[in-house]
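Given next, in structure tokens, is a single chain: the form predicted on its own.
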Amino acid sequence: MATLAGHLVDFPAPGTLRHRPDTVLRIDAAGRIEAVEPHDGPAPRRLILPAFLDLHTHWPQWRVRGRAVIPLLRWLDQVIYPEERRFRNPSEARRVARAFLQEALRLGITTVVSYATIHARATEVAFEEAEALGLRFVSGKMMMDAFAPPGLEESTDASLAESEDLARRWHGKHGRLFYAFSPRFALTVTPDLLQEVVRLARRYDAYIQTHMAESPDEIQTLRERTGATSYAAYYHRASLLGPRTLLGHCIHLSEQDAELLRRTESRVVHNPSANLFLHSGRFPVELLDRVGLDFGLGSDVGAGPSLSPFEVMRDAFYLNPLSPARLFYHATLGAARMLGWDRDLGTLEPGKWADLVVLEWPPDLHDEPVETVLSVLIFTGGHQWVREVYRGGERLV
């Protein structure tokens, strides 16, 4: 049984901060939190937080982050699609996936939800790297059977067959590797593919991840091609919405769209850094709050230029003035709720997995309240103070 002592801080509800100073956290042999107890005297001056979850990112885009081309569709054509063609080469995929996942872990992220490319072997390579590093990893082969750029075309049948084969072999492995069927977005997939994705995801009890309502030009193109009244309505017609579906962005929503997402228990992922970088629009927090729709955070590398959860939280504040406690909630327990993992992750309570990040308390902030420390960590690069990272009680950093 392992023990850690320090200042325990977690976020059991949106905007709620729970600070337990001078506390011991005991971890059992299975890697779960066994007890949280007062320390006998002053504990080490360090912060112990739940580890972070990144709910939406693209490991193949790691090398090309920061390429400023807007808007979204032009950026995809000029920056992303040329880069993704490189992953026909499995050794290149392994090199990039390993670097990406190692960096995520170093920053205190123990759960990564990521797209791959259309290449089945590249997708598998990333699973292998996550398996070796000890991460919790949710991923899937990118699916694009319509309007794909040269070099990234695939047939509907091939896309489905390769995705199902990957799901059969990886979903649920070790209890920490999971498959997400991954149609890129409505403009690059056929209705037939979407319907089969729903069927396969239900068959394997797997996740679905896709993009939704990210930019006005994307939405206009969808309307012209399909006659859909909205992005949410289009996905609902395909039965894609639901509690196992992660929807990245969701910026341009009507009240009816938000109500539909709430009613279907669909999972929303806010990607603030990418939204700022591509000037896609402002995420409508007030609308989601009004209808009672929760959300998690994602880095969306490579439109997001950084994997750091602290920088993602900072950018979320620039778009919507949320408190530090609420920002940390959406990066921890709120994110765990989007995966249906909130009984096992996201707060520091007995019975939950010991997924933890240990940060040095910055020396020049020793006399400051913890609320101030968290704010400073968000806005001045808190990742520099990460000292240890645990997944299931195992120290990985």
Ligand code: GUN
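None of these values were measured; they are calculated from a predicted model. Numbers for residues come from their place in the sequence shown, where the first is 1.
One more form of this protein should be noted, the form predicted together with guanine (GUN), which is absent from this view; the next part is about it.
Although the partner is absent here, V269 sits far enough away that none of its heavy atoms falls within 4.5 Å of guanine (GUN) in the predicted complex. In the predicted complex, at least one heavy atom of H58 sits within 4.5 Å of guanine (GUN).
For H211, a non-hydrogen atom is located within 4.5 Å of guanine (GUN) in the predicted complex, even though that partner is not displayed. Of the heavy atoms in A93, none are within 4.5 Å of guanine (GUN) in the predicted complex. With the partner omitted here, the residue from F283, W170, F295, F185 that has a non-hydrogen atom within 4.5 angstroms of guanine (GUN) in the predicted complex is F185. For the candidate set V189, I251, I219, L72, a heavy atom within 4.5 Å of guanine (GUN) in the predicted complex is found for exactly one residue, namely L72.
Only one of 159 to 167, 321 to 329, 72 to 80, 190 to 198 places residue heavy atoms within 4.5 angstroms of guanine (GUN) in the predicted complex, namely 72 to 80. Contact annotation for 300 to 324: residues with any non-hydrogen atom within 4.5 angstroms of guanine (GUN) in the predicted complex are D300, A303, listed in sequence order.
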